[in-house]
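Next come structure tokens for two forms of one protein chain, structure 1 first, structure 2 second.
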Structure 1
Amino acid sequence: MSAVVEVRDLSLEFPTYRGPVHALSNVTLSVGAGEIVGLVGESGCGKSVTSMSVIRLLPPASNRITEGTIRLIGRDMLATGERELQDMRGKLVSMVFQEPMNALNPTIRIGRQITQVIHRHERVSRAEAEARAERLLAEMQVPDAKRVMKNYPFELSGGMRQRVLLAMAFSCNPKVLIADEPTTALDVTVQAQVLTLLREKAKERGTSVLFITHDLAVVAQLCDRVYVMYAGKIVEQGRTADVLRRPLHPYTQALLRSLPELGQPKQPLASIAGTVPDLIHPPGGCLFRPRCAFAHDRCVEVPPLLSGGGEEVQHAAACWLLADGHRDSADTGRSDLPSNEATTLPAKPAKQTLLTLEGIGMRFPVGANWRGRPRGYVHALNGVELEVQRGETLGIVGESGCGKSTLGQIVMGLLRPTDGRVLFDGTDLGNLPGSEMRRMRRRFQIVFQDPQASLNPRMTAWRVITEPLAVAGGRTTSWLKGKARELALQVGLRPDQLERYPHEFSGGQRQRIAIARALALEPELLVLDEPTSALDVSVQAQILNLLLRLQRELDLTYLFISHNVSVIRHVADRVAVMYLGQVVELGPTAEVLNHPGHPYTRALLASVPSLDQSAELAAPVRGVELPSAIRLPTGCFFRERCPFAAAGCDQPQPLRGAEADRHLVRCHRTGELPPA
């Protein structure tokens, strides 16, 4: 297969006042015609730098290529001038970025942004460009494409914006498409639809794709071949099936064993100790050596890419274990591999009820008429009934916009519900005066999704951790510092790091600081709002292990909000599936996820990418977007998208089921549906 993208021995560095950052070291990769190739690894390993180097998007003054070549469709990209590069970008090669809101111009309508790309590379009339843009949006399954052409980016959902970026990328029929984490911020149902579109359109047009991600399950579903990067180097390469089934490099194996779907529920995951090395002063020899459980004397030398032998001729890894004849030690499924966690964490038995939600409804006003009255309401929550037992973890899953985070804020008392009431340990939080509410609030705390945004950048770590105690007053600075050291040790931080500011920590370390702050007041309940969604799989495993250990040691109760079904399966005792502000299914985690009773739960699970390449990627959901929460559907809220809709679905559906197994479903056809 002829290569349309060919990178050979590429080394790149970023000059800094501390010395050059060796971002890429002898990177070699290729993408064949019509091929989809994955590039995976942790944050900071060089994936995005590699992709931007291919089309020379990095500012020339910010980096220095010390050696290597880059060829794109036969052209030497390092010898190509800026004017010619501008002609190639968008015409011969396109790029889809991770965050569509940042990639689209917020001041320009969608239609004009697409036609600008077409006019830049082709001489066509305005009418022809608009017709092509509308046709492209329709091909990307954007409903009412003519209307969307007139919208601004902020008027569209994340999934719709990503479809717009795909339409722009394919507008001039490029030979190469580079997709940099295009589905990281999307729900699993939208992710499945976007990945299916990407795969189908690339196949139809013969476009080669370099797909960058940290999600190995997405790679399994989408890519023909895969390259694994670590600290700026390619450490393993081969056909996707070979790499995921029998990884040769200890780093690839460790990444796979960090995945929650491969671990036992409520048991510690085999996380990777340490962090990616400092690339200003990288260690000698194998860069993974300080974190590798198999490191030995020869690892002080730089290993070349060595073939795995056998029939997998293209499967190779940069590891001396292969040269020493220890190929079998890197089998993902073997039980003799060392784990970073030696103890198991048994699930806590359920006790008395700690938190009760009774008929919770939440409406937000939208707009105002000339009299100042709302034009309408967003119905964020619609009659949520839940109980959380002491010592258990209740998982909340669903698409964006289903009301998960709103529910968490109501539990925390940050929002007052429009309808219903919240009982904490039998006390109605809505009837408490301010002083009593402040005392009660010490018993429940929250950990937010993005630790970078939730930590004060002007406070040192010890001040951030002890801020709740300082607000309470009556504590000396020396006492607060001592308490910060105690909490830091509890969450796995070194006391000597506490004088640093949040920006000086990694994402996983910042999340540990946020957890330590939440524990400062010794709460009984933690609301965890997507606490691992912004983290790599290896760091995610460390945080999940930490949360399980803290729950066991401190007898904590968790309300765990996530759209990651694999994480919920691993940590939760029970799970509530939410759709459009309602709980549509509730029960023990294994029962709900292995035997889903509601059609929406089935669609959600079918959308989750799997390491099993034979599994289907797309979810059987009618329609692209959630119905409007301003004008709620009648009867069953899922009726308009449900493949099993029938007579009777136009009536409101209560949660029903046998109380003995505690598995409740909001669907009158549950017993009639075929097995999931």
Structure 2
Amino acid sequence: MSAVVEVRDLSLEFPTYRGPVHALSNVTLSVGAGEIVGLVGESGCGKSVTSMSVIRLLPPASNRITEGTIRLIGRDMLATGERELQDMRGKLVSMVFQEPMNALNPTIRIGRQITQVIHRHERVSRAEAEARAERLLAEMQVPDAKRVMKNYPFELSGGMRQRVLLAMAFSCNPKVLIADEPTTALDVTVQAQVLTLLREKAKERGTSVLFITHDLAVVAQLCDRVYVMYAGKIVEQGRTADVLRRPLHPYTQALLRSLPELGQPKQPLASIAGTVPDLIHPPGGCLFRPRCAFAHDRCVEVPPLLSGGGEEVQHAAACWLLADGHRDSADTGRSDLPSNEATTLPAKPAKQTLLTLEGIGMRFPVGANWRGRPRGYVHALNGVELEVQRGETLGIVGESGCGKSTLGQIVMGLLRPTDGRVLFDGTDLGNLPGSEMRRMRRRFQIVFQDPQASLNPRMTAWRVITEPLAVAGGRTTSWLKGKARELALQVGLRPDQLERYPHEFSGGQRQRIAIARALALEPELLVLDEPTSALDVSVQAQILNLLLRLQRELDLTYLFISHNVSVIRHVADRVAVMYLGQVVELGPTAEVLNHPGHPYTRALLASVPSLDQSAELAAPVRGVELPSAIRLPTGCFFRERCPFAAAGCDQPQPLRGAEADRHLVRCHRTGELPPA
């Protein structure tokens, strides 16, 4: 197989005031004709830099290539001039990026954005270009392609925009497609559709794909071969099945083990100690050495790529353990589990309701007529009934727009619901006078998704942490600092770092600060709104471990909001699945996720990519987009997309189950459905 993309020994640095950042060191990779190759790693590992370098898209002044070659379809990309590079981009090689929401020009119609690319590279008439653009959109399963041609990007959902971008990328039949986290910003059901589409179209046209992602499960579903990157180096490569089933490099092994889907529910996950090395002053030798459980004398030398042996073709890792006389590389034992985390579950205390949501409805006005009256309402929540028991974790899972975050804000009293009541420990929060509410608020706190955005950048860490205490007044600075130290230790932060500002911490540490702050008032309930979604998996594992330990130690109750089914499966006792502002299924986590009763829950679960390659990635929903929350569907909200829709579904469905309070499903056909 001849290589279409061939990167050899590529080293690249970004000059900074502190000295050059060694972003890539001796990266070698290749993509054969028609092959789909994954490039996987955590943030900052250099995977995007590699992909951008292949088509020379990095601003020339920002970086310096110190050695190596890049060949694309036989051409030496480092010796090609800018004009010629422009001719190649979009024609021979095209690229799809992560954020479909921003990747299209907001002021230009979809049709013109696609035809612009066609006109750039081919001499065709306007009508011809338009016809081709429309055909491409239809091929990417964009419904009503003719209308979409005239739409502006903001009129389309994220999934639709990514299809438009794929249509654009395929418009001139490129030999190579570089896809940089193209589905990371999408919901899982949409991700499943887009991934399937991408694989199908690439295989159909014989396009080679270099697929950049942080998600090992996506790699499992999509890629023929995979490269694993760490700190600007390829640490492992091989056929996807080999790498995922028998990882050779300790980093790959640790990464796989930190995935919640491979852990036992409620048990600590293996996490990787320490942080990624500073690439301005990288440690000599193996870059993973400082964090590696198997580091030994020889690791001070740079390890070469060594074959894993056996019949596995091309499976190799840059690790001295593979040199003769070392341990069996297939050993992926759990010997390095952190020992300070207790592994036994405490006995559940007697049932006691802490939080009750009664018929919560929330609508937001949209638009305005000339008198300023709203033209309609977004029905974000439509009659949510939930109870959270003291000491439990209630997981709330659903895709974007299902109302899960709105629900969290209502519980916190940040939003006042249009209908219904929130009862905390039996007290209706809606009727509390200000002073009582302030007292009550100490008892429930929230942790948000993005610790970078949610922490005040002008406050030092100890001030951030103790602000809730300082607000009450009457405390001296030294008392507050002492308290901050206590809280820091509790969440695994070093007390000597408390004088630093949020930007001086890593993402995981920042989330620890956010958690410490939430704990400062000794609350009983924590609302966790996607607390790990902005983090890399190895860091996510650390934070999940921390949350589980804190819950045991402090007897906390969690309302855990997440789009990530695996995370919910790992942490939640009970789970509520939300769709269009309703709870469609509710019950003990294992029961709901192993025996889903609602067709939407089934679709959601089937869309989650699995590390098991034999599991077929599927999105068993019909090709209609999420219905408008402005004009809600009648009857069952999922009816239009449900593969099992039948007579009777046009009636409103109540949440019901055989055993009251156990496993409730909002579907009247749940008993008649074929087994999942």
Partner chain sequence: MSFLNIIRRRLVLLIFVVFGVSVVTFVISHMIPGDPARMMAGERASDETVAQMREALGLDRPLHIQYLTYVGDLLQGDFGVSIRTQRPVMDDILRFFPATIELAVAALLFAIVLGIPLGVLSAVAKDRGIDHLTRTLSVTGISTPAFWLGLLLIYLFYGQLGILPGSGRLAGNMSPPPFVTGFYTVDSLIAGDWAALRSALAHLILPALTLGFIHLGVVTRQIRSAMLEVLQEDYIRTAKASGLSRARIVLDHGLRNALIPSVTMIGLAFGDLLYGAVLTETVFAWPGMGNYVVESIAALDFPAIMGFTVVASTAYVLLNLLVDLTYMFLDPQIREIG
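These numbers come from a predicted model, not from an experiment. Here, a residue number simply tells you its place in the sequence of structure 1, counted from 1. Throughout, rigid core stands for the largest set of C-alpha atoms superposing within 1.5 Å between the two forms.
The form predicted alone appears here as structure 1. After superposing the rigid core, the Cα of residue 559 is displaced by less than 2 Å between structures 1 and 2. The rigid-core alignment places the CA of residue 148 2 Å or more apart between structures 1 and 2. With a cut-off of 2 Å and the rigid core superposed, residue 392 has a Cα displacement that falls short of the cut-off between structures 1 and 2. For residue 110, the Cα shift between structures 1 and 2 is 2.4 Å when the rigid core is held fixed in the overlay.
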